[in-house]
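Only one chain is shown below, in structure tokens, and it's the form predicted on its own.
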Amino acid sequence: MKKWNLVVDVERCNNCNNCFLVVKDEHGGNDFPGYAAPQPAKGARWFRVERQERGVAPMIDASHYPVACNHCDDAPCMNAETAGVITKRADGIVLIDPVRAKGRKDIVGMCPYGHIHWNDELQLPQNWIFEAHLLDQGWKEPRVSQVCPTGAIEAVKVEDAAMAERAAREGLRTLRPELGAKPRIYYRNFDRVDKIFIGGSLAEIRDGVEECAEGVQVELWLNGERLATTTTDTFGDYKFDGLEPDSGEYEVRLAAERFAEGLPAKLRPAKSEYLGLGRLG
């Protein structure tokens, strides 16, 4: 059986919020019996974009990634207390019955991701329904992927084995896998969110003028072993990314027995670090 998934590319998301707006447009004031009651006019963010900043000026980056109901295969909200109220369809979509869930505010706290929302006016717990009502009408994808201008959101309907193979091949990850909920929203390039980087800049004197030092080999060592080598770019910048925080003692040094002001440098970073401008000696 083919099931629905979302694949989100963190590197492509530019925080345009089209996905958030289109869910508002679809559900604000609109009743879809059997699928979802109208979304509240204010406050509800069934589909929203999170922001993660790393580093310090002048080397800093910001990444964005949308989050919503994960339509988990082992959804914590589906239990003996919600039998007949929350159901999972054969195509992987999780629905909260808008009639049977009336008054069930307790359901909101069952989602460890915080993606079940309370509609105070209607006294209903609600989630993003993957636009199941549209898919059942023959739509090829939900509106959130349809309106994404950068292609950061891709809707995929495949068998579980094919999705697992793709996730392994492309390095796709899910949020908080330690929960064992088996989410159906996957993320590419999520290292930009939960990993850290170490970077810096190099300069040198040429013809009496300080210039960016391009093409200098820089090494990163971890616990006494060389982990990676990179080369400074046109601006003299270097960056080692995708590092685990609090994973030991890192050392940044120049290759070929060269040295620069401030290098070699040893550090045990818990967050992304910029080592500043080093002048070649």
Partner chain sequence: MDMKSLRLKATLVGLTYLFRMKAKSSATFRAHLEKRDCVVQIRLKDNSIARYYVFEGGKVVSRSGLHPNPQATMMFKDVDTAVTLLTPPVNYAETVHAGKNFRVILMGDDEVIAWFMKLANKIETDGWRYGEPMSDGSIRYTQMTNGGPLHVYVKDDKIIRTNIVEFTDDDQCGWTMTARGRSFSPRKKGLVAPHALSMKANVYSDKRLLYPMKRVDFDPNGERNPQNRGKSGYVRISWDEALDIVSNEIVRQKQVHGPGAIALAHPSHHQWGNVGYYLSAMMRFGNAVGVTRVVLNPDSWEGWYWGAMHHYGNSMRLGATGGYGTLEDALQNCELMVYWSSDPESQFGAYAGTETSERRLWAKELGIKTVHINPHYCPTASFVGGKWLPIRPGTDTAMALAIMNVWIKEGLYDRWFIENRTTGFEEWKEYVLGVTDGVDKTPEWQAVETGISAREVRALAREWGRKKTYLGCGVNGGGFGGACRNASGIQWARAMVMLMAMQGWGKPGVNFGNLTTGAPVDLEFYFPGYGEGGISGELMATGSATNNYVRMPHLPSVNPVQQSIPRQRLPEAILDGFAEGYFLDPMAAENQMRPFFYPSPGYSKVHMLYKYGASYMSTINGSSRFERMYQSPELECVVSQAIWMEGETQFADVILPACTQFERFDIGEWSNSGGFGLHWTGQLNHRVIALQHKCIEPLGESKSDYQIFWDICKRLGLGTYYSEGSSEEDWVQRVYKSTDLPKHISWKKFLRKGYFVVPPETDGRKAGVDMRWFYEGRPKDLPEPYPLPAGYSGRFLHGLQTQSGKFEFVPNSLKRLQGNEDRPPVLQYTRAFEGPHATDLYAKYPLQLLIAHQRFSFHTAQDGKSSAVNDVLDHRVLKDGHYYHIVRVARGDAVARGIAHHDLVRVFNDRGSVICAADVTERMAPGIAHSYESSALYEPIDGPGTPDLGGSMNLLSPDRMQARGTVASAGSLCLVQIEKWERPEGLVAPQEQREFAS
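All of these numbers come straight from a predicted model, not from anything done at the bench. Numbering follows the first chain given and starts at 1.
Same protein, other form: the form predicted in complex with the partner chain, not shown, and the subject of what follows.
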Does the 4.5 Å heavy atom contact test between R143 and the partner chain in the predicted bound form come out positive?
yes
E26, heavy atom within 4.5 angstroms of the partner chain in the predicted bound form:
yes
Would V216 count as a contact of the partner chain in the predicted bound form, using a 4.5 angstroms cut-off between non-hydrogen atoms?
no
Given that the partner is absent here, does P149 sit within 4.5 Å of the partner chain in the predicted bound form, heavy atoms only?
yes
L220, A37, C212, L243: which sits within 4.5 Å of the partner chain in the predicted bound form by any heavy atom?
C212
What residues of 203 to 237, in sequence order, lie within 4.5 Å of the partner chain in the predicted bound form by heavy atom?
A203, R206, V209, E210, E211, C212, T234, F235, D237
